[in-house]
Structure formats: structure tokens, C-alpha cells
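There is one chain below, alone, in C-alpha cells, taken in the form predicted alone.
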């Protein structure tokens, strides 16, 4: 076993403290990674605060991990010591079911193993990226392109694939009118992907204070949802709406903005259940959908696409002793647009 320093919470909503855990010994197909940066995702906060049932404590959050390969097992073929790599939301799956075999490990029939707040197939709790080292099965490690900085890469391991995957699946591209609902950690990346795919991109956000930034990220239009006239003006306009917000929305109002056969795709995950009138779907053959990150092949594809198109999350680097403050700021929407922990400060 290998001991490593981490940031952990002992119970729901407890403050972070520096502790030590043991990572497993290197197996033949394992990669040991010295973590350089770990992004803060809103789901980290939900988990650490006990918003979602079933928290495993003590908890070490973090599934936006970038670093350098320290050692590899004897059967590892894709990675070598010194490689620049990343780890996202999952660290294992059965590898045998229909979904794993087609590269959609996020939907593993057996139940995949999350990077943290999960149990591995031996029944041991998993601990995430708020730490100095992690040991991961080779299949769940991806290469970070040479032209991409490690700190910028971290948020793409969750926020990037969470937005890239549905935009690709629902064919955002030339001739499509795509709206990004919310311009936060997910939304500002989604704008860049939709623009690079060739879609006409609109941003739907509460205030007007982010308009110039939205346009700089590649948006063609920006609309304030505080103005009720916005909804009359945009009725029946969009082929796709990607909902990135983690708060409840009036589903019927946003469905009214879709064209015939349009789709409202949800990637934000509010704790409260949603409601809608079925006639909002029936009358224009609209759909409501959801999307859960992406598989490993698609994650690598996303990183390569982002590198080619210069897609970069806008980040604020913080020290390890600033994580509690960062959580509070995320809840106040006081970040432009993702926090990334510099693990060297741990």
C-alpha cells in the first residue's frame, strides 16, 4: 500500500482537513499518477454536503484529475512514466456488458465504480483527486494533449465531457440552432464546443453581466431570462437546448422555445424533482432528455477536439487551504468559471 496526503471531509458539511490515506499497491494493469491539479465540480459539493443520499465518509472528493504518470504495472501498454494524463468520473466498470463493450462505461450494467464516494468491486471505498497520488486501472486513464495545460485540462474531465457528449449525440452542427441555458462552469464550456461544432449558439442567462464573455466564448446571441419578453420572442426557435443549471427551472416555459422535434437536454442536476405538462411535448413532438458524461473513448476524443479548437475552461487556481471558501463561492455563483486546486500546495 502507498500512503498519500489528501483533503477529506469526515462527515456531511464538515470542513476539509489534511489527512492521509492508503492507495492500493500497483496491479499489473494499473497506472500510478502524481496529481498536479484537481478541479472542483458542483457534484463534489453535493456529495460532500450530503445533498445526495448515500455519502461514504470520510470522503475525498475530486473527479477532474490531471497529473503525471509515476509508475505503471507490467501489463500496461498505453502509458509510460512521465506521460501527461487525466482521470475523470469513473475508475472501473465490468468491461463485459453491452455498454462497456461499445465504449459507454458510464452506463455499465453491473454498476461502474465512481472515482470517489463509491465502492470498488472488492467493497473498498474510493477516494478522489483532492490528494497527491492516485492509482487507476489503465483503461480509465486518458492522455492529455501536449498543447493543453494540465490545469486547464482538469475541468474538461467532467465539465468538458458532460457538455461535449450530448452536443455530439444530438448533432449540434451547421444549420442547428442551439441554446445553452446557464453560463457557469458547464455552460461556458458548452458554448465553446457548440461553436466549434458549427452550430448557431445562443446563451440563455439570468442577467446581462456575462454577455461580453459569452460572445468571446463563441456565442452568436445572448438573451436575459429575467425579461419575460425573451420567451415570447424566442418561441419555437431552437433545435436543442442544453440545460446546464443545477437549480429548478420552469420546464414548460423552456420547452416552448423548441421547434418541432426539438429537444431539451438536461445535464445540470438539481436536487428537486422537475414537473411539466405533457402537452408541452405532444403539440410539437418535443422531447426531454438527459445525458451522463461520456465513455473513455469519447472523453479522449473530447480532449483532442478541445486541443485542436483551442477550447479552454476559464479557471481560478486555488490553494489546498482555500477549498472550503471555494465551495461557498460556488454556491454563491461567485466564480468565473471553475476552481482548480493546485495540489502542490497540499
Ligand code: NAP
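Because the structure is predicted, anything quoted here is derived from the model rather than measured. Residue numbers count along the first chain shown, from 1.
If you look for the form predicted in complex with the ligand, you will not find it shown, but the lines that follow are about it.
Trainee: Against the ligand in the predicted complex, would residue 182 count as a contact residue? Criterion: heavy atoms within 4.5 Å.
Mentor: So residue 182 counts as contacting the ligand.
Trainee: Would residue 330 count as touching the ligand in the predicted complex under a 4.5 Å heavy atom rule?
Mentor: The answer is yes: residue 330 has a heavy atom within 4.5 Å of the ligand.
Trainee: Residue-level question: is residue 43 within 4.5 Å of the ligand in the predicted complex, judged on heavy atoms?
Mentor: Judged by the heavy-atom cut-off of 4.5 Å, residue 43 is in contact with the ligand in the predicted complex.
Trainee: Is there a non-hydrogen atom of residue 279 within 4.5 angstroms of a non-hydrogen atom of the ligand in the predicted complex?
Mentor: It does not: once the ligand is placed as it appears in the predicted complex, residue 279 has no heavy atom within 4.5 Å of it.
Trainee: To test your reading of this chain, name the stretch in 157-165, 68-76, 130-138, 107-115 whose heavy atoms come within 4.5 Å of the ligand in the predicted complex.
Mentor: That would be stretch 157-165.
Trainee: Just to be sure I understand the contacts: of 197, 94, 269, 150, which is the one whose heavy atoms reach within 4.5 angstroms of the ligand in the predicted complex?
Mentor: It is 269.
Trainee: Work out which of 251, 245, 215, 234 lies within 4.5 Å of the ligand in the predicted complex, going by heavy atoms.
Mentor: The residue in contact is 245.
Trainee: Taking heavy atoms and a 4.5 Å limit, what residues of 280-296 are near the ligand in the predicted complex?
Mentor: Those in contact are 291, 292, 293.
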